[in-house]
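Next up is one chain by itself, shown in structure tokens, the form predicted on its own.
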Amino acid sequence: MLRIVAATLLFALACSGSDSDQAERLRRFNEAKFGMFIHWGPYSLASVEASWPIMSGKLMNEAEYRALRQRFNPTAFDAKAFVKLAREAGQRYMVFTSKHHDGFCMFDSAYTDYKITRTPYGKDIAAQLAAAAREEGMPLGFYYSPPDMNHPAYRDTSKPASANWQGEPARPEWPLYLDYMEIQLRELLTRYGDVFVVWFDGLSHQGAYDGWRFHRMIHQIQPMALINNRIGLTGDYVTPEQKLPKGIITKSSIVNGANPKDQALSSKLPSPSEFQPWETCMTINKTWAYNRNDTNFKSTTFLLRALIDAASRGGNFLLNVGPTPEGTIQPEFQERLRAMGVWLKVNGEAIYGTTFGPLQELPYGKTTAKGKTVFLFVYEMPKTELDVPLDGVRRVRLLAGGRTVKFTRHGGGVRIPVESVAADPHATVFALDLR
């Protein structure tokens, strides 16, 4: 019996890595705070979403979708320009779609012909991006989809993908598919340098992918690689999508690794041990992939406040771009990203490396915290003064310009006169240094 218990503990440690490894992974994740997500593949040629046209059976037939790779030739792609843009935006990590649900690989996998090096372009885009990121010291992670509509062991490919896109774990071929996942993940983990995160996107039947197996393998090869929660396990962090949670995510709100529902969240401040690290991913318009017809662009103010809102609840913000078929990032995205970077050059101290703020229900803005400083983000500046219900303040600074701002104590908090403060249209940031 003791041998069984010991073996179980050793297995669990192998899967999760050491406590010190996890602490360092989460420290790096928390310090980064803001990242670039990249959804890209031949589907950009058709201005359709990644994979979903064949999964839904709408917009285009499967043969037409699969044939897109025969025309995919993004000759304008410049990996260094992608990394430079992320730097200019103030983003501190990147996550690239190495393989989406359709099974097309944007890296030169030795185990499939459905890949970027079998297109007119013919070059390994993941390798170019990894080299550029390494040169600039930009952490790079890979999105890898456990579902794979192209693989015959994942589903019966004689049927349309719309009939069985969720996979068929009960078929005897399923273990062969898990082996395929493993050898491809080994390629990503051994060929492209340090991997910041493995970003799974498991959709349905997440438990069928044997998440423990892949956690163990990833941490054996790259102990510092983060793993998200979309392979049936909570991993290092959870991943709300296209929305911000209504409260602070705690470990008790997580069931079987799934993202928590808003009803399970609370505005109460958890202890550090109760807090569940998380990251929300969001698009700049409404689609993940490039779509020439989607002009519903979120404003810079909206995107910056989404970043602030995420940080105020202890989370990260992963903002997506969908490159064009030619291999560029459209100007509307670049404009917003660079504007965010300008704001972050002045106010980044209040975002990077922070945790959830002590004041969660302010009517005019948000807070984050770092050490003995609380950062106050003001969205709507009052005419005369800010009433901040925070005790122990010894100094107030305005991050824009760095000047000290006078304040008065009142009822267990402080009042900050703002008549002479020039309001930032996105968010004005004060640093409240505590005793």
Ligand code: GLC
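Everything numeric here is computed off the predicted structure, so don't read it as measured data. So that there is no doubt, residue numbering starts at 1 and follows the sequence shown.
Although not depicted, the form predicted together with this ligand is the subject of the following passage.
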So which of 364 to 372, 404 to 412, 391 to 399, 33 to 41 is the stretch with heavy atoms within 4.5 Å of this ligand in the model of the complex?
33 to 41
Go through 133, 304, 281, 329 and name the one with a heavy atom inside 4.5 Å of this ligand in the model of the complex.
281
Considering this ligand in the model of the complex, which of 386, 45, 50, 378 comes within 4.5 Å of it through any heavy atom?
50
Answer for residue 349 alone: is it within 4.5 Å of this ligand in the model of the complex, judged on heavy atom distances?
no
Using a 4.5 angstroms cut-off on non-hydrogen atoms, would residue 168 count as touching this ligand in the model of the complex?
no
Could you confirm whether residue 236 comes within 4.5 Å of this ligand in the model of the complex, counting heavy atoms only?
no
Taking this ligand as it sits in the model of the complex, is residue 177 in contact with it (heavy atom to heavy atom, 4.5 Å or less)?
no
Heavy atom contacts to this ligand in the model of the complex at 4.5 Å, residues of 184 to 201 in sequence order:
199, 201
